[in-house]
Structure formats: C-alpha cells, structure tokens
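Single chain ahead, by itself, as structure tokens, in the form predicted alone.
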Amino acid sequence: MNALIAIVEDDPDQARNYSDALELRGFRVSSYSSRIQAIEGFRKDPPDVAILDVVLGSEFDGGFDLFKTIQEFIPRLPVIFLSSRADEIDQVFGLRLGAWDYQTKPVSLTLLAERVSVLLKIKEARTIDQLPSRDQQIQHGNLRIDTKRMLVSWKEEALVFTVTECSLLTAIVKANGGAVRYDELAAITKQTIVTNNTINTHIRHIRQKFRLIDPHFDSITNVYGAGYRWTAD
C-alpha cells in the first residue's frame, strides 16, 4: 500500500497544492486544518509522514504543540515542519523537539515531495532488524555512522540527517583528517549545479544538528579555499 502522508495546514489553497504534488508522486494524502482535527485523524489513521504548519489558525505554536501530542502515541513518526517562520530560533526549536526536517515557505513542491520520499527511505531503513555488517559502520571517537541505514549518532545520541547530509559527513570523516575538496563534495550531492555556498550551507546545517546535543561541537573545520576536514574528537 502506498504511504500515507498527513498535511496539517490551515490555508486550504496551500494544503491543496501540497496534496496535489504528493498525490502526483503516488502517495495517499490526508489533510487537516486544525490541531484538534489532526489529533483525531492521526489516532484513527496514523500517517507514515506528517507535514505540519507551525501556526495553525489562532494558535501561534499550534504545530509545535501538535507535534508534542502525537509523539506520545506515534513516537517515531517522521515530521516535517513547514512554516513561514524562518527565524533560526524557530528552526532550532523544531529540530530539538525531534522533527526530522524544517522547511520554510514558500517551498518548491517538487522539493517537498522529494523530502518526503527521502524520509520514507530513512524510516524504512531504520526498521530493518538485521544488524549491519562492519563495512557499513564507521566509528570515529564519539561519532558512529551506519552508511546503509543513514543513521548517525554522536556521544550515543541519535541525529537525523538527510541523505545528502549523511553522505557529505561520511566523505569528510572517511578522509581521516585530510581535506575533502569542494568539487568532491559537490559530486557527492548528485545535484546538477552546486556552488561552494551550497556546500557551506549543507555543512552549516550538519553543524547545527550536532550542536543541538553538543554546543561545543567543532570537529568539522573549514580548510580555507579548499574544503572541509574532520578533526579528532
């Protein structure tokens, strides 16, 4: 059965646009316009991924409050916050709550559908009971990466990375202290046009996720004009 994606969005036009884009990718979609409606719907028909607006009607933090509630009965549900609130403090707060991603409006519908597909792949990989073989594991001090299931942990705490972020981190760590050039990192993203600023943005997001659990994290260093390296932790 195709995955069920839940959209919680109080703007009916935006909700319809998101729904159309996801249905074109073959997903089933359920839409809710309020926090209370979503809670009832999630209990009756739990989704595989949820897309939550942060501001729901008169509830300024409605999406955040909804996330806290659904975590109680669907604890491992992949959630994407999708909001016009672009301040870094809101993004950090959403990720600290446990969301898998935070996107700011306006968002590309193609990108949103791709994000959902990636989260489903990560979720599926994490449900595999078979232990990974040694060649799928990277252990480097406090860091552990399972390259097959795209799982990353730091100081025994799990982190949620996109496939691209995990691939970039893996390449930097596997260089064993050597610098990984921008062009090498660009090739890893598998995107058509990638600038140095694009790579820098990915690295900034990776660092932010580490610093959510370790404010003093500084193991990814920039090599001026060249790229990035992983320093001993």
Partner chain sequence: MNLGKQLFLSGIGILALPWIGYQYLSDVGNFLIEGQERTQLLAAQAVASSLQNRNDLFEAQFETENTTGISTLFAYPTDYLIKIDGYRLDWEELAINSTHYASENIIRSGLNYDPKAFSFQMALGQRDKYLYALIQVTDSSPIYRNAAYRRLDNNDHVQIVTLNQQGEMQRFILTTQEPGPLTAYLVGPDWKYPVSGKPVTEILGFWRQSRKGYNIEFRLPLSLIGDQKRFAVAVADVVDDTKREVQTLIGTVPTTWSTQLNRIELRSPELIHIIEGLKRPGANILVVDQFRRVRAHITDNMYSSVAARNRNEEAIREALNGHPATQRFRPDDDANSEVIMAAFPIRSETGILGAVIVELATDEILSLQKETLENSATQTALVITAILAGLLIFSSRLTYRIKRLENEISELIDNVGRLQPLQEISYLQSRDEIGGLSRTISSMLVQLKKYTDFLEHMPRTLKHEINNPLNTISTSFQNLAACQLTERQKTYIESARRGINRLHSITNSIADAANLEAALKNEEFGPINLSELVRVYVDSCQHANPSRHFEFICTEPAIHIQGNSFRIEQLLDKLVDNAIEYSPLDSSTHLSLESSGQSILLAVANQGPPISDRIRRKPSEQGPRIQHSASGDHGIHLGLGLFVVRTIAEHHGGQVNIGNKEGHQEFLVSVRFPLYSR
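Source: prediction; values computed, not measured. Positions refer to the first chain, counted from 1. Rigid core here is just the name for the largest C-alpha set that superposes within 1.5 Å across the two forms.
FYI, the form predicted together with the partner chain isn't displayed, but the following is about it.
- Interface membership of Arg85, defined by any non-hydrogen atom within 4.5 Å of the partner chain in the predicted bound form, is confirmed.
- For the chain shown alone, Asp11 is a contact residue for the partner chain in the predicted bound form, at least one non-hydrogen atom being within 4.5 angstroms.
- Using a 4.5 angstroms limit between non-hydrogen atoms, Phe64 is distant from the partner chain in the predicted bound form.
- Shown alone here, Ile138 lies farther than 4.5 Å from the partner chain in the predicted bound form, counting heavy atoms only.
- The contact with the partner chain in the predicted bound form, taken as any heavy atom within 4.5 Å, belongs to Val107 out of Val107, Val163, Val92, Leu143.
- Residue heavy atoms within 4.5 Å of the partner chain in the predicted bound form occur in exactly one stretch of 170-178, 199-207, 66-74, 29-37, and that stretch is 199-207.
- Contacts to the partner chain in the predicted bound form (heavy atom within 4.5 Å) from stretch 17-40: Asn17, Tyr18, Asp20, Ala21, Leu24.
- With the core superposed, Lys44 shows a C-alpha displacement below 2 Å between this form and the one not shown.
- A movement of the C-alpha atom of Arg35 falling short of 2 angstroms is seen between this form and the one not shown when the two forms are aligned on their rigid core.
- Positional change of Tyr182 between this form and the one not shown reaches 2 Å or more at the C-alpha, relative to the superposed core.
- Compared with the form shown here, the Cα atoms of Gly94 and Arg211 sit 3 Å or more farther apart in the predicted bound form.
- Between Ala86 and Ile199, the Cα spacing is smaller in the predicted bound form than in the shown form, differing by no less than 3 Å.
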